[in-house]
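Before any questions on binding or motion, here is one chain by itself as structure tokens, the form predicted alone.
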């Protein structure tokens, strides 16, 4: 459907002139995504503040066949929040649906609207003496609706699970304009299909999540964070087993980092330094959250490191002595994604493999990549505790950036082929969006793809919801 001035006016009347953006300068921030890989166009951004406005927008969109692209904080890395190049798709920004409806510490839950920034959710939980454990590098700008739509992971998945596991229920506007109130308040509910799980992770292709019931947890009484230098991913795997045996559920983070990634973070991130004096091939960040005390967290982390030294796994280590130092250790890890950019082109992978096979995967994938691109600098880092690695490949020094990036598809195919051989996933936490849509069709079984298409058609027969994404 062509977005004529007359049709645009009908949409604008729903939210009001001041909440509809038409000027190119005002629209520009909605068209720039973090990787600058997915260029799109639009002539209209709608910014509703009530669920009823979202309902009216989607109802009109279905009636007129107008494509709608939901967008949260615009931090997605696979292009799921971007319109196509036609200029006919409308961006639906959820940023003004930003109320925290209630916080219920006694029930360990809170109800928030989709446009609430993740950091605000964390702060509201902490003010109530509770923890909302989802933590991402983009938490200062990403919004909870986008986190739910992409089933975001982050650094605490090891202990708390992905965003799906942190959500009890959702409020969703369907493409027809109908409002599904599935804001459940209980952990146990066996009354038929769990509809929320259709929308969490669907990337806005089935409807628009406008609010959610989130799970809260007791605040830890003590934290312990250690930064460890070691020789190999195999040693890191053995140290993970030690950490799990000592800490159990108190192990809330176990992050793997290569030397080259540490060097990039130190070189290109203000305030970041290597906490260890010597040079090590690999590093891990261990995070312990004790329900008992700070002393207990410290003792647990010391026990892990002592046994790791005795077993020859740990070459050097340091334990944070303050909250500020804990944050500085984590800043090293969180800066690793953006620190690759100044080094030139980077071909990205967000993969997962069985935890026990991470060392094998890294060895095999590294060999394959270096055979294809000698001199490539491989930054393989991430959430070793749950098997999710950001397997990123930075161009060789002095290489032509455009020529290197032109091999993105070729390199992806090789790396993802190895991932599939290890029974892993080509998208662990970033979603499918536009980036991996073709590969999804080559990865999922025909039966699974057919079921996904049937669900899509059933919910969105007019095909207006985020077209060109996922399937």
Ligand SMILES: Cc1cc2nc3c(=O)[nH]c(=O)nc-3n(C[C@H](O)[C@H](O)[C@H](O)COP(=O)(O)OP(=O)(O)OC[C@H]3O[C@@H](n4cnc5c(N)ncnc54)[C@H](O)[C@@H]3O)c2cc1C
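Note that this is a predicted model, so its numbers are computed, not measured. Positions refer to the first chain, counted from 1.
We do not show the form predicted in complex with the ligand, though everything after this point is about it.
Novice: Which residue among 385, 153, 308, 224 has a heavy atom within 4.5 angstroms of the ligand in the predicted bound form?
Specialist: Of 385, 153, 308, 224, the residue with a heavy atom within 4.5 Å of the ligand in the predicted bound form is 153.
Novice: Within 4.5 Å of the ligand in the predicted bound form, heavy atoms considered, which of 195, 399, 367, 338?
Specialist: None of the other options qualify; the answer is 338.
Novice: Since only the chain is shown here, I'm wondering whether residue 73 would be in contact with the ligand in the predicted bound form (any heavy atom pair within 4.5 Å).
Specialist: Yes, residue 73 is a contact residue.
Novice: Report yes if any heavy atom of residue 136 sits within 4.5 Å of a heavy atom of the ligand in the predicted bound form; otherwise report no.
Specialist: Contact with the ligand, yes.
Novice: Against the ligand in the predicted bound form, would residue 121 count as a contact residue? Criterion: heavy atoms within 4.5 Å.
Specialist: Flag for residue 121 set to no.
Novice: Within 4.5 Å, heavy atoms only: does residue 142 come near the ligand in the predicted bound form?
Specialist: Looking in the predicted bound form, residue contacts with the ligand include residue 142, since a heavy atom lies within 4.5 Å.
Novice: Hey, of 355 to 363, 79 to 87, 268 to 276, 283 to 291, which bit sits against the ligand in the predicted bound form at 4.5 Å between non-hydrogen atoms?
Specialist: Result for this chain: 79 to 87.
Novice: Which residues, if any, of 199 to 216 lie within 4.5 Å of the ligand in the predicted bound form when only heavy atoms count?
Specialist: Counting only heavy atoms within 4.5 Å of the ligand in the predicted bound form, the contacting residues of 199 to 216 are 203, 204, 207, 208, 209.
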